[in-house]
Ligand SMILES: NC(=O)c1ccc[n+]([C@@H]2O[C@H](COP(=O)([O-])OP(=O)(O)OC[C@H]3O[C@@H](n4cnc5c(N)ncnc54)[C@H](OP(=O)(O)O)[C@@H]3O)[C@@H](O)[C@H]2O)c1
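As a starting point, one isolated chain is supplied in structure tokens, in the form predicted on its own.
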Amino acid sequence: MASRGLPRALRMARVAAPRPVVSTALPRPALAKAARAAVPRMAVNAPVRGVKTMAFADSKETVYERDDWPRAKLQEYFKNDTLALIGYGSQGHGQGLNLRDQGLNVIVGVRKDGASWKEAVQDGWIPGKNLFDVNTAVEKGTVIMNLLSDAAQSETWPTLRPMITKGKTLYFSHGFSPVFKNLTNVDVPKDVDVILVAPKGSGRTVRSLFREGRGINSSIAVYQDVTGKAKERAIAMGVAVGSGYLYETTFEKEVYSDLYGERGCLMGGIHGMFLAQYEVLRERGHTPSEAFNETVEEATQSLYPLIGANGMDWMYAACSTTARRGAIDWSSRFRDNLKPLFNELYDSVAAGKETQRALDYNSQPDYRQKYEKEMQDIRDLEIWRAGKAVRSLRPENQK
């Protein structure tokens, strides 16, 4: 697909009618510079610093931002708290290091001498000072950050629940366990605040955006408010773990949208479309490099960053008239064919089928071996073997 420079009329229109920008997820450096020049930010009426009421399409929402919670304020707010982070996987790693860099009293609880324990030690956590076994950390903590895997949360809950006593706060980054309590058996105590901060990205991104001084977008929610201050605490925790902007939701909506999105456009659906397009090109006689470049490389390196920076219309305008015409014509065909499948997916999520599937599979004793086999199967697909070669030719990967 041939890309073109933006038509002059469109460039002028962008200056005359800039769009509001809240997302902190920026595109690649060169595109980011162009996007900032082409799309100036719109001033938003914000009577309270750090809180903005904005129109998203035709709906007004309140957005909370970290400017209202500078580091000194966070340290004062949490001065009497011990943030006990349980689990040191992707989110635990990213959120934990960010909390530590904020100067807050955070401790990590993992299985002693396990793989996560060793990783935590490598990251500078000190056994007996801010690194403990899970039970000790939960006993010491006032804010219990349950960042174990969904399956592990279910398995460990009978042991952890008695230690989450009145006056403590229970924190999740996914609504999975309490929302599907009939399947997970995670029935939270009635005398504690239960809050959620769900970063919209991996723990690696949570960490990298924080270190870059930006911050990830996150959802916040309150499942149970005993003290009357649960929402305020959720906002403070959201900023403390590295969020730039916070959007309010519910535990149920968070887990429904998350499970749905992961299986759809974010991961499962997009991988399925990549495979389908690549396989057709190969079956029609195209080379692996051409099939990969047209399916993945151009999407991820050229077009998707434009969508992320300014929207689908902006991306269309940056392409040739021929490409634009075909994309507009075929998008409705894809929508009409895929929407029934997406409805089927959402029904499966809401009915708890996806939850049951995840619990059943991820609780198996040989889960890691089966998972590694699935990952190796993906690595061995021709599309990703071709992609490895294509990526090696990028200038940033040249030695």
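From 1 onward, residues are counted along the sequence shown. Note that the structure is predicted; figures quoted are calculated from it, not measured.
Just so you know, the form predicted in complex with the ligand exists too; it's not on screen, but the next bit is about it.
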TODO: Look at the stretches 91-99, 272-280, 309-317, 136-144 and give the one with heavy atoms within 4.5 Å of the ligand in the model of the complex.
DONE: 91-99
Task: G167, D187 and G238 each touching the ligand in the model of the complex (heavy atom, 4.5 Å) - done: no
TODO: Have a look at P288, G103, G114, G268 for me and say which one sits with a heavy atom within 4.5 Å of the ligand in the model of the complex.
DONE: G114
Open item on the list: Using a 4.5 Å heavy atom cut-off, which residue among V110, I107, A234, L246 comes into contact with the ligand in the model of the complex?
Closed with: V110
Open item on the list: Considering non-hydrogen atoms and a 4.5 Å limit, does the ligand approach R263 in the model of the complex?
Closed with: no
Open item on the list: Even though the partner isn't displayed, in the model of the complex is T82 close enough to the ligand, meaning a heavy atom within 4.5 Å?
Closed with: no
Open item on the list: With the partner left out here, check for me: in the model of the complex, does some heavy atom of N130 sit within 4.5 Å of the ligand?
Closed with: no
Task: G242, heavy atom within 4.5 angstroms of the ligand in the model of the complex - done: no
- [ ] Using the arrangement in the model of the complex, list in sequence order the residues of 146-185 with any heavy atom within 4.5 angstroms of the ligand.
- [x] L147, L148, S149, D150, A152, Q153, E155, T156, S173, H174
